[in-house]
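Single chain ahead, written as structure tokens, the form predicted alone.
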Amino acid sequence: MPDDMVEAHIRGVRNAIAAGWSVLARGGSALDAVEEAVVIMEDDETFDAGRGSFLNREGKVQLDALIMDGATLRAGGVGCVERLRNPVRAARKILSESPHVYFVAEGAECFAAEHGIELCRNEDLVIPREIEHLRKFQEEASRHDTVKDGNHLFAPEMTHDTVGAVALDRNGNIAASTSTGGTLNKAPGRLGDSSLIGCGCYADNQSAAVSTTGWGEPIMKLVLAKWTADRIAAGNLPGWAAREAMNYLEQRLNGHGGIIVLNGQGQFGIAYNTPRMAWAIRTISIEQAGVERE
């Protein structure tokens, strides 16, 4: 993230934590808490989720999101939606009110509309900052002929800014959610890891709740969220599992990103192998937010 965006990121994750914690404090579920936290970040133009997301190659916003309940393993996901301000809301409707797990594109938008979620124009999700961001990126890429190999999309210094949340409630249930606009200048229809179960998001009371951010293609190939949860199910602590996940991502596929992990005992892990990642934690005894590498 640019230097002048650091404080905005810290404010954003603090606001998300406040929304999620308010749900938990009044006895709400972990599932409700992660949904509300993610909605706050989707509504915050600082992040690559909801309004203000990166634009694809054609100058459109295409959004993906997943939410998963660790108590039941029920999940809901949407991919490549263009007319939803809060894709996590649609994902939650799928989890709660559909026998299916996943809807994409127009089908996802139709499902959302049928279940009371108002659709918007794609133009309503596009902001001037990202129009200029895309213009500069495409101009630079054309000068260096780097579009063909795609590597320009995935350098460690490239911003990704996917948002996610994990939570544990007073009943001992955990949940996770992830939401994103994907990578800058992505091909229309490209789906990343964020909304895929076990890749960018996973939750199981028997292991952990996990949300990832970063370069989606390597994360998908490693099914990284489930890989991390499995290490915790085998008896490892979330902090160790998070760090090992980032090591695995880098050593196996030269990937980069970040991860947040939480188990049913309230033990958590945060790790990333990028220059910065915004994060925030709140428990009964701890409230902290940060953005620089530790």
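Owing to the predicted nature of the structure, the values given are computational and were not obtained by experimental measurement. Note that residue numbering begins at 1 and tracks the sequence as displayed.
The form predicted together with aspartic acid is left out here; the points below concern that form.
- Exactly one of the stretches 67 to 75, 100 to 108, 192 to 200, 135 to 143 approaches aspartic acid in the predicted complex with heavy atoms within 4.5 Å, and it is 192 to 200.
- Shown here without its partner, the chain carries D161, T183 and G216, all of which come within 4.5 Å of aspartic acid in the predicted complex through at least one heavy atom.
- Under a 4.5 angstroms non-hydrogen atom cutoff, aspartic acid in the predicted complex lacks E35 among its neighbouring residues.
- For the stretch 72 to 87, the set of residues having any non-hydrogen atom within 4.5 angstroms of aspartic acid in the predicted complex is empty.
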